[in-house]
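One chain comes next, on its own, written as structure tokens: the form predicted on its own.
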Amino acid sequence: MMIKRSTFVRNLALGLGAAFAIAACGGSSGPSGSGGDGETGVLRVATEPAFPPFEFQAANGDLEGFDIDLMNAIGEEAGFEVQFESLPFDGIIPALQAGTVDAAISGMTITQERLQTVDFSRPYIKAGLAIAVKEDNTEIQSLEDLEGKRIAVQIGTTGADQAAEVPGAVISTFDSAPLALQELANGNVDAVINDAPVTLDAIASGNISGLKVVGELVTEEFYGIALPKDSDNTQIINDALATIIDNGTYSEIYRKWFGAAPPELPESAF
């Protein structure tokens, strides 16, 4: 069946069971990374601005999206200036490991594999993978139907990982989700496995026409803000995130981008 964006958002709001709990107060009053200088009050945050509605570049060159607004609100609450740095998605974790950025917000799913190399904040949104096909496709309805098919994915994502497990699939990788979806619209692949909110936004906005989402969500995932291992900024960000959830700022940002009340989320992804 085709999943409409409004239905997806409503299901998000109704289908999540655990409530956000407010994190305990503590930690310092500003970022410890700060580009190597804790006195500057600056946090360098990596993002790949090709993932609407979470992060994208507006016509005037400014960065916009749910993640951008959320990170700026966290920065304001924690008392530091956020400086965004645009990076390819598959270059974000290496940049965190190298210390060239202090944090990253880029629709990044919290996974056990990524937790081996970076730390994450508490979950800030629930997503999940969806399968997109052309509107006239009646053959593909589930992950099992993708066996032996041509699948487009964004490189370095959980969608790419999921596609790699499909028997006999011919996988094409792209630098961004919109490029993968455009490849589908052009008829060069049979399906795209990608984060559901991004796919639904691309279809609803009319930026990429002639596509639909089929079946149920392939996975249940949570996004988090990524940080270097053992970063003192993790607690600072968690405290600020808890505060803006409590004072309603998070709800305002969520309603702005998704047109619905925010869902309840767990404190931990696992």
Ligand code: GLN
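In case it trips you up, residue 1 is the first one in the sequence shown, and so on. What you see is a predicted model, and the numbers here were worked out from it, not measured in a lab.
This protein has a second form, the form predicted together with glutamine (GLN), left out of what is shown; the following refers to that one.
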With heavy atoms only and a cut-off of 4.5 Å, decide whether residue 89 touches glutamine (GLN) in the model of the complex.
-> yes
Decide whether residue 195 counts as a contact residue for glutamine (GLN) in the model of the complex under a heavy atom distance cut-off of 4.5 Å.
-> yes
Does at least one non-hydrogen atom of residue 157 fall within 4.5 angstroms of glutamine (GLN) in the model of the complex?
-> yes
Quick one: is residue 221 in contact with glutamine (GLN) in the model of the complex, heavy atoms, 4.5 Å cut-off?
-> yes
TL;DR on 137-145, 109-117, 70-78, 182-190: the one with heavy atoms within 4.5 Å of glutamine (GLN) in the model of the complex is 109-117
